[in-house]
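Heads up, what comes next is one protein chain in two forms, each shown on its own as structure tokens, labelled structure 1 and structure 2.
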Structure 1
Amino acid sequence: MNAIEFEDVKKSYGSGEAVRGISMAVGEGSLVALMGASGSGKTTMLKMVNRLVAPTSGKILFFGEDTASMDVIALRKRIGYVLQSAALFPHMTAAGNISTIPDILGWDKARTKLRVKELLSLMGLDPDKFAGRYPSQLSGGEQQRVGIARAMAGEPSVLLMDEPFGALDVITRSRLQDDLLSIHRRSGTTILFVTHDIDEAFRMGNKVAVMNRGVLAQYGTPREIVENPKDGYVRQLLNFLSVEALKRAGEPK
């Protein structure tokens, strides 16, 4: 089953079209990387899924249901959202931040406490050490781990990630990429992952959607894109792919 389907989706602003007639499907349990330069429409695509932005035309289906006809609160309860900045609540501990959505959902305290412990452990953070720490007491990488845990706390069907590692140093970024891939394998959560970094897109995505000025230039597995680039823009992008990423693209995921 497809978790998300875009059907001829367009988004226009006064200055022009941000997204121009995109159709693509995100399979349940997959990790799809949306990549492209600034202004290519990738973040707009992400925001249309949870209705932070409304499409001008076309449909977005969420597990087969038109999002336009869904209650927006009910929709967002099924979607986790991670920003480039962890955007943690500074007055709350790590445990308090992670508990936010379970509290909104009305979970009992025992279930929430267990979920917090489970997610901190999943993120490689010792619950006994980190549950009571405030964001100011955490490194950038630790804050982002807590931010991902918070987004996953309500057991969402889909996780939207908008350049979640873009503000981190190279070493921390690489570690978190590995951790997210491991978490994805274990959790099976559907992830739509926005990045402007082609190496990151090819490393993370089971499939990669290459965006160019609001148009879907190509959508396929990293191997398919490397072996059969659809146009000059995609071929040009591949020139910036590292040797390591190129090698990985040829390996089945």
Structure 2
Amino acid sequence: MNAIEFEDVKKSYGSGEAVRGISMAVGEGSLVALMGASGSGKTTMLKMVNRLVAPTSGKILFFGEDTASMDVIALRKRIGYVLQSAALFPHMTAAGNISTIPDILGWDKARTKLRVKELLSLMGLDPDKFAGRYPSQLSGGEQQRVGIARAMAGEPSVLLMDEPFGALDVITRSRLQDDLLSIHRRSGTTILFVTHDIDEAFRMGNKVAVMNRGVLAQYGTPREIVENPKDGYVRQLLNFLSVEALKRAGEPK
């Protein structure tokens, strides 16, 4: 079963074409890294999945169902979304932000409270210290981690993550990458993960989708891409892959 299928999807903003006919499938339970340079259309791809942006043409299927004809609220309840900037609700504490979806889903207070604690700890934020803080009292990286916890809180079947670790130092980033991989393995959540960092894409993705100016240059496992880059753009990108990441790409995930 595919969690998400893009079928010849195009998106124009006025005269500019951001996505120029992309078809790709994200298998249920997989972690797909969507990578490409700034402006290549990555955020647009994510936003079309939860219908924050409507495609100009083409179709997007969510577990086989055309998203265009789904109830948008029902669709979004099943999708966690980590925005490129944390975009927390400023008038709510960290705990309040993380509880948003569980509250909408009607979880009882005790279950939500437990989940908030669990997620804050997972993000390396001591619940006793951070649960009651407002976004303005958190660093950029802490806000980003609360944003990730908020997206995961309702146990969504699909998680859309837009450069979730962009604002973090290398050590925190590397730890959260490992944590996300283990959460992914344990939960079976399907993850579509945007990054412009090739090492991160190859480290995280079961499959990597390389976007170049609105076009899908290549879609495959890290190993397939390393062994058989499809065009000059992908070959050029691979020059920037670290030796460590290159080695890991050859190993099974």
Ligand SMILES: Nc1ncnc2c1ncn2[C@@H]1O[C@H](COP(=O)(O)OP(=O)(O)OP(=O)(O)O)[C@@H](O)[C@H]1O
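Structure 1's sequence is the ruler for residue numbers, which start at 1. Quantities reported herein were computed from a predicted structural model and do not represent experimental measurements. Rigid core (definition): largest C-alpha set, two forms, superposition within 1.5 Å.
Chemist: Which of these two, 1 or 2, is the form predicted together with the ligand?
Modeler: Number 2 is right.
Chemist: Supposing the chain moves as two rigid blocks between the two structures, can D199 and L246 be said to share a block?
Modeler: Yes, D199 and L246 move together as one rigid part between the two structures.
Chemist: Rounded to whole °, what is the turn of the smaller rigid part against the larger between the two structures?
Modeler: Spelled out, the smaller domain pivots 16 degrees relative to the larger domain.
Chemist: Using the rigid core as the frame, report the C-alpha movement of A86 between the two structures, one decimal, in Å.
Modeler: So the C-alpha of A86 has moved 3.5 Å between the two structures.
Chemist: Aligning on the rigid core, what is the distance the CA of G141 moves between the two structures, in angstrom?
Modeler: After core superposition, the C-alpha of G141 moves 5.2 Å between the two structures.
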